[in-house]
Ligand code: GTP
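Single chain ahead, by itself, as C-alpha coordinates, in the form predicted on its own.
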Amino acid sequence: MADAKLVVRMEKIGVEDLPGVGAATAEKLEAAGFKDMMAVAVASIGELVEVTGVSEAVARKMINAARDSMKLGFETGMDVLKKRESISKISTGSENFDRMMGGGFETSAITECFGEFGSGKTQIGHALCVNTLKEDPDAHAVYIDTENTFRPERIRQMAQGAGIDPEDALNRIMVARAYNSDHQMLLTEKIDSLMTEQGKKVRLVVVDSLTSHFRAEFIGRGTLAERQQKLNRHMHTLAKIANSNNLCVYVTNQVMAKPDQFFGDPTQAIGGHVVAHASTFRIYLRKGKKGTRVAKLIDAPNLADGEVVFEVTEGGLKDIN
(Lines give C-alpha, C1' and ligand atoms only; values in the text may rest on other atoms or scores of the structure.)
Protein backbone atom coordinates (compact mmCIF):
# COMPACT_ATOMS: atom_id res chain seq x y z
CA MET A 1 0.00 0.00 0.00
CA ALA A 2 2.86 2.34 0.88
CA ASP A 3 4.45 1.64 -2.50
CA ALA A 4 1.17 2.45 -4.26
CA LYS A 5 0.94 5.78 -2.42
CA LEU A 6 4.53 6.56 -3.40
CA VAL A 7 3.78 5.88 -7.07
CA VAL A 8 0.73 8.17 -6.97
CA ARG A 9 2.79 10.89 -5.30
CA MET A 10 5.53 10.57 -7.92
CA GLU A 11 3.02 10.83 -10.74
CA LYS A 12 1.71 14.11 -9.33
CA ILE A 13 5.16 15.72 -9.15
CA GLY A 14 5.63 18.33 -11.85
CA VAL A 15 8.48 20.54 -13.00
CA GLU A 16 7.37 23.27 -10.59
CA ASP A 17 8.01 20.87 -7.66
CA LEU A 18 11.73 20.53 -8.42
CA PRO A 19 14.20 22.15 -5.99
CA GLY A 20 15.09 25.70 -6.96
CA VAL A 21 12.13 26.05 -9.33
CA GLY A 22 9.67 28.83 -8.64
CA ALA A 23 6.80 30.11 -10.75
CA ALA A 24 9.05 32.23 -12.99
CA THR A 25 11.60 29.43 -13.54
CA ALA A 26 8.83 26.91 -14.25
CA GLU A 27 7.43 29.28 -16.87
CA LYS A 28 10.86 29.59 -18.53
CA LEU A 29 11.27 25.82 -18.53
CA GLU A 30 7.87 25.27 -20.10
CA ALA A 31 8.49 27.93 -22.75
CA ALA A 32 11.74 26.18 -23.69
CA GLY A 33 10.04 22.79 -24.03
CA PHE A 34 10.93 21.30 -20.62
CA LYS A 35 7.33 20.50 -19.75
CA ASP A 36 7.71 17.24 -17.84
CA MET A 37 10.12 15.43 -15.55
CA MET A 38 11.60 13.32 -18.34
CA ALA A 39 12.60 16.42 -20.33
CA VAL A 40 14.46 17.81 -17.31
CA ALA A 41 15.95 14.42 -16.40
CA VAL A 42 17.66 14.02 -19.79
CA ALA A 43 18.73 17.67 -20.10
CA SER A 44 22.29 18.86 -19.59
CA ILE A 45 23.29 21.32 -16.88
CA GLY A 46 24.32 23.85 -19.53
CA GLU A 47 20.90 23.70 -21.21
CA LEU A 48 19.04 24.45 -17.98
CA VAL A 49 21.44 27.25 -17.03
CA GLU A 50 20.98 28.86 -20.44
CA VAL A 51 17.18 28.56 -20.37
CA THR A 52 16.47 29.55 -16.76
CA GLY A 53 19.46 31.61 -15.67
CA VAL A 54 19.94 29.56 -12.49
CA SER A 55 23.38 28.55 -11.21
CA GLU A 56 25.02 25.27 -12.20
CA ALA A 57 24.52 23.92 -8.67
CA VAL A 58 20.77 24.55 -8.82
CA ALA A 59 20.55 23.08 -12.33
CA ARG A 60 22.35 19.95 -11.09
CA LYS A 61 19.87 19.59 -8.21
CA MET A 62 16.94 19.95 -10.61
CA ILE A 63 18.28 17.24 -12.91
CA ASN A 64 19.13 14.87 -10.05
CA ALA A 65 15.66 15.31 -8.50
CA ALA A 66 13.97 14.68 -11.84
CA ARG A 67 16.07 11.55 -12.41
CA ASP A 68 15.29 10.25 -8.91
CA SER A 69 11.56 10.72 -9.49
CA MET A 70 11.72 8.94 -12.86
CA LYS A 71 13.81 6.08 -11.40
CA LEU A 72 16.13 6.21 -14.39
CA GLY A 73 18.69 3.44 -14.38
CA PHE A 74 19.30 -0.08 -15.61
CA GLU A 75 16.57 -2.44 -16.77
CA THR A 76 16.59 -5.96 -18.14
CA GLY A 77 16.70 -6.83 -21.80
CA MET A 78 13.21 -8.29 -21.41
CA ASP A 79 11.94 -4.90 -20.19
CA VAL A 80 13.41 -3.27 -23.28
CA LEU A 81 11.82 -5.93 -25.49
CA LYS A 82 8.40 -5.24 -23.95
CA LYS A 83 8.82 -1.50 -24.55
CA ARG A 84 9.66 -2.17 -28.18
CA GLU A 85 6.29 -3.86 -28.64
CA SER A 86 4.78 -0.37 -28.91
CA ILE A 87 7.01 0.47 -31.89
CA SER A 88 5.27 0.41 -35.26
CA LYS A 89 6.41 0.53 -38.89
CA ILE A 90 5.39 2.89 -41.68
CA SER A 91 5.21 1.42 -45.17
CA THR A 92 6.99 2.96 -48.15
CA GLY A 93 4.55 1.41 -50.61
CA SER A 94 7.22 -0.95 -51.95
CA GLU A 95 7.03 -4.44 -50.41
CA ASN A 96 10.70 -5.16 -51.14
CA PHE A 97 11.78 -1.85 -49.59
CA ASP A 98 9.63 -2.56 -46.51
CA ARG A 99 11.08 -6.06 -46.22
CA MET A 100 14.63 -4.69 -46.29
CA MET A 101 13.67 -2.28 -43.47
CA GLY A 102 12.18 -5.05 -41.34
CA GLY A 103 8.59 -4.13 -42.16
CA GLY A 104 8.88 -0.41 -42.90
CA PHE A 105 10.32 2.76 -41.41
CA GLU A 106 10.46 2.39 -37.62
CA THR A 107 8.96 4.76 -35.06
CA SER A 108 11.08 5.97 -32.11
CA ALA A 109 13.98 6.23 -34.56
CA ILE A 110 15.65 8.55 -37.06
CA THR A 111 16.00 7.24 -40.61
CA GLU A 112 18.35 9.13 -42.91
CA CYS A 113 18.27 8.85 -46.69
CA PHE A 114 21.14 10.46 -48.59
CA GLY A 115 21.84 10.60 -52.29
CA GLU A 116 22.34 12.93 -55.22
CA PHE A 117 19.56 15.06 -56.68
CA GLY A 118 16.78 13.05 -58.33
CA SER A 119 17.56 9.88 -56.38
CA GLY A 120 14.11 9.76 -54.74
CA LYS A 121 14.68 11.27 -51.27
CA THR A 122 11.75 13.69 -51.44
CA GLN A 123 9.50 11.11 -53.12
CA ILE A 124 10.03 8.78 -50.15
CA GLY A 125 9.14 11.63 -47.80
CA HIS A 126 5.87 12.27 -49.63
CA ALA A 127 5.09 8.53 -49.75
CA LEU A 128 5.70 8.13 -46.01
CA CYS A 129 3.33 11.03 -45.30
CA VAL A 130 0.53 9.45 -47.32
CA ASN A 131 1.05 5.94 -45.93
CA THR A 132 1.15 7.28 -42.36
CA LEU A 133 -2.26 8.89 -42.88
CA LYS A 134 -3.60 5.77 -44.60
CA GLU A 135 -2.54 3.45 -41.76
CA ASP A 136 -3.94 5.67 -38.99
CA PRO A 137 -7.05 7.82 -39.66
CA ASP A 138 -6.24 10.00 -36.63
CA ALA A 139 -2.56 10.54 -37.40
CA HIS A 140 -0.85 13.72 -38.59
CA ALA A 141 2.47 14.21 -40.35
CA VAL A 142 4.84 17.16 -39.98
CA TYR A 143 6.89 18.25 -43.01
CA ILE A 144 9.73 20.74 -42.43
CA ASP A 145 10.67 22.00 -45.88
CA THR A 146 14.07 23.66 -46.26
CA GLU A 147 14.44 23.50 -50.06
CA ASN A 148 10.92 24.26 -51.28
CA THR A 149 10.38 20.62 -52.25
CA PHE A 150 6.98 19.90 -50.69
CA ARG A 151 4.32 19.59 -53.36
CA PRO A 152 0.63 19.25 -52.37
CA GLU A 153 -0.11 18.13 -55.94
CA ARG A 154 2.18 15.13 -55.40
CA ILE A 155 0.42 14.30 -52.14
CA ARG A 156 -2.88 14.42 -53.98
CA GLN A 157 -1.60 11.95 -56.61
CA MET A 158 -0.20 9.54 -54.02
CA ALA A 159 -3.33 9.77 -51.86
CA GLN A 160 -5.47 8.79 -54.84
CA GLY A 161 -3.08 5.91 -55.53
CA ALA A 162 -3.34 4.80 -51.90
CA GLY A 163 -7.13 4.98 -51.94
CA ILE A 164 -7.59 7.77 -49.37
CA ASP A 165 -9.27 11.17 -49.64
CA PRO A 166 -6.69 13.67 -51.02
CA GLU A 167 -8.30 16.64 -49.25
CA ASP A 168 -8.26 14.84 -45.91
CA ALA A 169 -4.64 13.84 -46.48
CA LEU A 170 -3.56 17.42 -47.17
CA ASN A 171 -5.43 18.67 -44.09
CA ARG A 172 -3.52 16.21 -41.90
CA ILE A 173 -0.04 17.23 -43.10
CA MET A 174 1.41 20.19 -41.22
CA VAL A 175 3.93 21.95 -43.46
CA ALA A 176 6.45 24.61 -42.42
CA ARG A 177 9.05 26.28 -44.62
CA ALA A 178 12.38 26.83 -42.84
CA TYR A 179 14.39 29.81 -44.10
CA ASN A 180 17.63 29.28 -42.15
CA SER A 181 19.18 26.81 -39.71
CA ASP A 182 17.91 28.65 -36.61
CA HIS A 183 14.38 28.70 -38.01
CA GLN A 184 14.68 24.99 -38.83
CA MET A 185 15.72 24.18 -35.25
CA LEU A 186 12.92 26.36 -33.84
CA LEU A 187 10.31 24.58 -35.94
CA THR A 188 11.58 21.24 -34.65
CA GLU A 189 11.19 22.42 -31.08
CA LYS A 190 7.60 23.51 -31.78
CA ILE A 191 6.51 19.97 -32.71
CA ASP A 192 5.85 19.20 -29.06
CA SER A 193 3.38 22.08 -28.83
CA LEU A 194 1.48 20.70 -31.85
CA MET A 195 0.81 17.56 -29.82
CA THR A 196 0.31 19.05 -26.34
CA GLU A 197 -1.45 22.35 -27.08
CA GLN A 198 -3.26 21.53 -30.32
CA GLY A 199 -3.84 17.86 -29.48
CA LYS A 200 -2.59 16.52 -32.82
CA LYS A 201 -1.40 12.92 -32.97
CA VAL A 202 1.88 13.33 -34.86
CA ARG A 203 3.25 10.00 -36.08
CA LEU A 204 5.80 11.19 -38.67
CA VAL A 205 8.25 14.09 -38.93
CA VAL A 206 9.98 14.74 -42.25
CA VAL A 207 12.94 17.13 -42.54
CA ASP A 208 13.76 17.71 -46.22
CA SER A 209 16.60 18.43 -46.26
CA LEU A 210 18.47 18.22 -43.00
CA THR A 211 21.75 19.87 -43.99
CA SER A 212 21.03 22.38 -46.77
CA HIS A 213 20.91 25.47 -44.51
CA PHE A 214 23.84 24.33 -42.38
CA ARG A 215 25.86 23.76 -45.53
CA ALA A 216 25.04 27.20 -46.93
CA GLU A 217 25.57 29.20 -43.72
CA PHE A 218 28.80 27.63 -42.46
CA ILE A 219 31.41 27.96 -45.19
CA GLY A 220 35.06 27.06 -44.84
CA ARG A 221 37.02 24.90 -42.43
CA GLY A 222 37.06 27.62 -39.79
CA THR A 223 33.30 27.26 -39.22
CA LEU A 224 33.21 23.46 -39.30
CA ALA A 225 33.33 22.94 -35.51
CA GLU A 226 30.49 25.43 -34.91
CA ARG A 227 28.39 23.86 -37.66
CA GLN A 228 28.84 20.35 -36.30
CA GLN A 229 27.96 21.42 -32.76
CA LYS A 230 24.78 23.09 -33.97
CA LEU A 231 23.88 20.14 -36.18
CA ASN A 232 24.52 17.78 -33.28
CA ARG A 233 22.10 19.75 -31.10
CA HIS A 234 19.49 19.61 -33.87
CA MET A 235 19.86 15.83 -34.24
CA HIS A 236 19.54 15.32 -30.48
CA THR A 237 16.30 17.32 -30.48
CA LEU A 238 14.93 15.14 -33.27
CA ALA A 239 16.00 11.98 -31.42
CA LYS A 240 14.29 13.15 -28.24
CA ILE A 241 11.06 13.89 -30.14
CA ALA A 242 11.16 10.45 -31.78
CA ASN A 243 11.79 8.58 -28.52
CA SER A 244 9.45 10.48 -26.22
CA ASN A 245 6.50 10.43 -28.65
CA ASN A 246 7.09 7.09 -30.43
CA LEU A 247 7.07 8.72 -33.84
CA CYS A 248 9.15 8.23 -36.97
CA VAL A 249 11.66 10.90 -37.97
CA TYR A 250 12.71 10.81 -41.62
CA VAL A 251 15.51 13.15 -42.75
CA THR A 252 16.97 13.60 -46.19
CA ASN A 253 20.60 14.52 -46.62
CA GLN A 254 22.67 16.03 -49.38
CA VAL A 255 25.90 14.50 -50.64
CA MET A 256 29.26 15.63 -51.90
CA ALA A 257 31.86 13.99 -54.12
CA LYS A 258 35.31 13.13 -52.78
CA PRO A 259 37.72 13.95 -55.64
CA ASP A 260 40.62 12.18 -53.91
CA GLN A 261 38.84 8.80 -53.97
CA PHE A 262 40.07 6.79 -56.95
CA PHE A 263 38.24 3.53 -56.26
CA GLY A 264 34.61 2.85 -55.34
CA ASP A 265 31.76 5.33 -55.08
CA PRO A 266 33.07 8.84 -54.30
CA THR A 267 29.67 9.99 -52.98
CA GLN A 268 29.66 10.95 -49.30
CA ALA A 269 26.87 12.29 -47.08
CA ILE A 270 27.06 15.82 -45.64
CA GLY A 271 27.22 16.20 -41.86
CA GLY A 272 29.98 13.71 -41.19
CA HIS A 273 29.97 11.50 -38.13
CA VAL A 274 27.49 13.72 -36.23
CA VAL A 275 24.59 12.83 -38.54
CA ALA A 276 25.80 9.27 -39.09
CA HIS A 277 25.94 8.43 -35.38
CA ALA A 278 22.65 10.15 -34.55
CA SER A 279 20.71 8.31 -37.28
CA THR A 280 19.30 4.92 -36.34
CA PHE A 281 18.98 3.75 -39.94
CA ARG A 282 20.97 5.04 -42.92
CA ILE A 283 19.97 4.48 -46.55
CA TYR A 284 21.98 5.41 -49.62
CA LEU A 285 19.84 6.22 -52.66
CA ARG A 286 21.03 6.34 -56.24
CA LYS A 287 19.55 6.34 -59.71
CA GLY A 288 19.19 2.96 -61.41
CA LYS A 289 18.59 1.84 -64.96
CA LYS A 290 15.56 2.95 -66.97
CA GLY A 291 14.32 5.45 -64.42
CA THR A 292 14.47 3.11 -61.43
CA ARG A 293 15.92 3.94 -58.01
CA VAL A 294 18.23 1.83 -55.86
CA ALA A 295 18.06 1.94 -52.06
CA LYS A 296 20.96 0.46 -50.11
CA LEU A 297 20.69 -0.03 -46.35
CA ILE A 298 24.17 0.70 -45.04
CA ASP A 299 23.58 1.00 -41.29
CA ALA A 300 20.97 -0.48 -38.95
CA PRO A 301 21.18 -1.77 -35.37
CA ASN A 302 19.17 -4.94 -36.01
CA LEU A 303 19.09 -5.50 -39.77
CA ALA A 304 21.54 -6.88 -42.29
CA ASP A 305 22.80 -4.67 -45.08
CA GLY A 306 20.62 -4.95 -48.16
CA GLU A 307 19.74 -3.39 -51.49
CA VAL A 308 16.45 -3.07 -53.38
CA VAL A 309 15.36 -1.60 -56.69
CA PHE A 310 12.07 0.30 -56.92
CA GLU A 311 10.36 2.79 -59.17
CA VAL A 312 8.56 6.04 -58.49
CA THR A 313 5.14 6.06 -60.14
CA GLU A 314 2.32 8.58 -60.08
CA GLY A 315 0.65 6.59 -57.30
CA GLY A 316 3.79 6.24 -55.16
CA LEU A 317 6.69 3.84 -54.71
CA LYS A 318 6.31 0.44 -56.39
CA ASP A 319 8.33 -2.76 -56.78
CA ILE A 320 9.86 -3.59 -60.14
CA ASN A 321 7.89 -6.29 -61.91
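In this text, residue numbers run from 1 along the sequence as written. If you're wondering where the values come from, they're calculated on a predicted model, not measured in any experiment.
Another form, the form predicted in complex with this ligand, is not on view; read the next lines as being about it.
This chain is displayed alone, yet in the predicted bound form one of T132, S119, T188, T211 has a heavy atom within 4.5 Å of this ligand; that residue is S119. Of the residues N232, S181, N245, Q157, just one reaches this ligand in the predicted bound form with a heavy atom at 4.5 Å or closer; this is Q157. Note that among 120-128, 169-177, 85-93, 196-204, the stretch whose heavy atoms approach this ligand to within 4.5 Å in the predicted bound form is 120-128. Contact between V312 and this ligand in the predicted bound form is found at the 4.5 Å heavy atom cutoff.
Taking the partner from elsewhere, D165 is found to have every heavy atom lying beyond 4.5 Å of this ligand in the predicted bound form.
The shortest heavy atom separation between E147 and this ligand in the predicted bound form is within 4.5 Å.
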